[in-house]
Each structure stands twice: as C-alpha cells, then as structure tokens.
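Here we start with a single chain on its own, the form predicted alone, put down as structure tokens.
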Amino acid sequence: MKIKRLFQKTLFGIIAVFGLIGLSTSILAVRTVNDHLSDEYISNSQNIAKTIADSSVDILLNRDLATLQSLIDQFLGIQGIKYIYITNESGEYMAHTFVPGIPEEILAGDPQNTETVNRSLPGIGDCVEVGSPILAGVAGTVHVGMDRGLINLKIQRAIGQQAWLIGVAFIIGVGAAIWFVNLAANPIGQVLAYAATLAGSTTQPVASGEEVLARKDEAGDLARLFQFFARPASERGDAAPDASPQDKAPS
C-alpha cells in the first residue's frame, strides 16, 4: 500500500506513538505482574512457615526430632517449596531437608533472621527464603525456601498473555493508521492527477477531474482553482473560481 510522501512522516509519527504506548504499557505490565505475583508468592510462603512454626511447638518442647523431621518432609511436597529448616533459640539446626548437607551460604547466615532473603544455592537454584519465629523466637525459627524459578515462570506466562494482547492491538492500530492516512491522502492524489492532466503532462495518470471537482472540501476547492487558472486569460476575466458552500459568505 503506497503512502503519499506528504503523509509519510505523519504515518511514521503515528506508528512511533503506538510503539511508545505499547512499550510503556508493556513495561508497566511487567512491573505490576512481577510485584503482584512476587508479593503473593512470598505471602503464601510466610503462611506456610507460620503453619510449620505453630505445629512444631510441642514437638520442639518434647525434643522429638524424628517427628519434627517427618513434619517438614510432608510440607516439602507442596509445589514450589525447595527446602525447609528449623533452628532452636540458640541457632542450632534441629531439622532440615537439605541433601546431603546444609549449604555454606545457609550456615553463614543468621538463623534467627526472619526477613525475606533471596538466595542462589548450588544444586538448588534461585530461591526466596522466608522465616517465621516459634513462640516469638523463644523456641526457635522456621525457614522456608521457595523456588524463584517457579515465580519467574508464572510471571512470564502472565506477561506473555498481556504482550500478545498488546501486540495484536499494535498491529490493528498501525493498520488503522495506514488506512486513515490513505483516506486523507487520496484526495491529494486526485488533485495532483487532475492538475497534471490540465498541464498536459504525460508522466502522471490522466484523470477526468469530475470526482475531485465535485468534492466540497479543500481538495475540491484546489481542483476548481487549477481549473480556473487553466482557462485562457480571455475567458477568465475577473471571474473567480467557484468556492465550496462552506466558504461562501452569507448574503
């Protein structure tokens, strides 16, 4: 579809505006989805850690470590949980799900810290770790590591759906922009062809001019002006070309 040179910059400007809107919308969507899903994931992890903490109070008081290990092994079956470990009030590791042993990064950390921490552990991957105190920290702390890769996968799926929608809207918008620009450019082409016909040019397509002369807009006014000046000087006299109805002053 050929675009008149007069309107090419306009079309490129419209496409640039659509692209800017699509890019800014995509960035906003990525940040919004990432923040929302990350917050939801961390909140669920904290609820799991609190559930384990509430369930392990009596077990820790009775020093039943076998039951404590069995408890955290059951929670390990929940999708997204990569590891769980429990420490007592002195920081001693009472139970954990690491195989074959506790990673050095975990051992070097503060076992009493319950703030959210992002970790990258060898053999486990990227995780987000949350903690929950047991009896306000008096009896120890529960730590749960959730798979960060699962969060990223869900984020990618959500963003992919939005990106597909934005892409379709962009393609439709660009197509509509081309159609509207051509709608405005066609009358200019008609006037140009008619002017070339009046000038006797053989390089432009021949046009009868009836369609463009019948128009009631600026293109019609311009065509009638060309027609007026194409007449011999003896025929023009002092007469002015016909103006469109909207250009005539009321009597």
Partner chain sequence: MVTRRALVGSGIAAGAATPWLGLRASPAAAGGTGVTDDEIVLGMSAAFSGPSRGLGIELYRGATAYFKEANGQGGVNGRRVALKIYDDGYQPDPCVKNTMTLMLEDQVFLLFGYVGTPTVTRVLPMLKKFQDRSMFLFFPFTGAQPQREPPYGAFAFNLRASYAQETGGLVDNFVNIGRRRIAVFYQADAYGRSGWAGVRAALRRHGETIAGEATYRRGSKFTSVMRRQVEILKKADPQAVICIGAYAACGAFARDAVDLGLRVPIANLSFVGSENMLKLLTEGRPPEESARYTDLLVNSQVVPSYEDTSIPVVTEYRELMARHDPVPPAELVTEDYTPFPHSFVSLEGFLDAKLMVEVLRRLGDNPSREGLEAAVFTVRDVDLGLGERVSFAPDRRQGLERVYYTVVEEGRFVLLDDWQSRFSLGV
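Residue numbers count along the first chain shown, from 1. The structure presented is a predicted model; accordingly, all values stated were derived computationally and were not measured.
We do not show the form predicted together with the partner chain, though everything after this point is about it.
For the three marked residues, Ala185, Asp221 and Gln227, no heavy atom of any sits within 4.5 Å of the partner chain in the predicted bound form.
Contact annotation: the partner chain lies within 4.5 Å of heavy atoms from the stretch 73 to 81 in the predicted bound form, the single such stretch among 73 to 81, 176 to 184, 111 to 119, 152 to 160. Between the partner chain and the residues Ile106, Cys127, Ala139, Ala95, the one pair within 4.5 Å by heavy atoms in the predicted bound form involves Ala95. Heavy atoms of Ala66 reach within 4.5 Å of the partner chain in the predicted bound form, making it an interface residue. With a 4.5 Å cutoff on heavy atoms, Ile166 does not count as touching the partner chain in the predicted bound form; it lies far away.
The partner chain in the predicted bound form is not approached by Gly91, whose heavy atoms all lie more than 4.5 angstroms from it. When contacts are judged by a 4.5 Å heavy atom cut-off, Val99 counts as touching the partner chain in the predicted bound form.
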